[in-house]
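The chain that follows stands alone, in the form predicted alone, written as structure tokens.
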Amino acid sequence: MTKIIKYFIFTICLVLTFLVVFQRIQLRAENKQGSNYPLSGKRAGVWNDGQAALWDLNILDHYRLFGSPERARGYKPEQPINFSHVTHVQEKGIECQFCHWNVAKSPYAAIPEVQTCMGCHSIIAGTSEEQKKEINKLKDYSSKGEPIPWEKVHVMPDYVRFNHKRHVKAGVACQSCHGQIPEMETVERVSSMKMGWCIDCHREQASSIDCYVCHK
């Protein structure tokens, strides 16, 4: 009986080790380090491959063992409008802060208002039928005076206080937390954004890890 338990524990450890190694290889391939898109003027990749620790496995989140799927890496909700960062950032060369204008001025990185989008798309109608279809959706929201009901991707608990302005002014690149968004047709979560992940970065950057810095 003792041997069976030992073999069982050994097998579990072996499987977990394999999952950790496989996931790290996969994340390194997906998160292309050193990408130079016009995000924050700084070349960067995802901090610590998006992991809070070596054993911070995606599978744990997806099976609701430690949190909901909405807070797991790989979370990619369907959006009301198929907005492509590839088109806007890679092809058109639009800076992040052209649309997300308040990230360096406010504690919150708000999603652009409909009026911000219409500043361009009242003139630009798109070239393909698919683009025209999505832009027409935008115009419908604008004509009704309604905000676009975007599904939030980077969800944080209510008890967490995160200040975008401080991080941007400290030189933290967008990619450190959000990944290579210019390469995403649909935005997805690439970092766990768990407490251990944040604290690890704060320690590395010699920033405060006092509880009240991040918690309300």
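Residue numbers run from 1 along the displayed sequence. From a predicted model like this one, the values you see are computed outputs, not experimental measurements.
The form predicted in complex with a small molecule exists for this protein as well; it is not shown, and the discussion that follows is about that form.
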**OP:** Examine residue 174 and determine whether its closest non-hydrogen atom to the small molecule in the model of the complex is within 4.5 angstroms.
**Re:** yes
Original post:
According to a 4.5 angstroms non-hydrogen atom cut-off, is residue 211 in contact with the small molecule in the model of the complex?
Top reply: yes
Subject >> Contact of residue 142 with the small molecule in the model of the complex (heavy atom, 4.5 Å) >> reply: no
Original post:
Using 4.5 Å between non-hydrogen atoms, is residue 12 touching the small molecule in the model of the complex?
Top reply: no
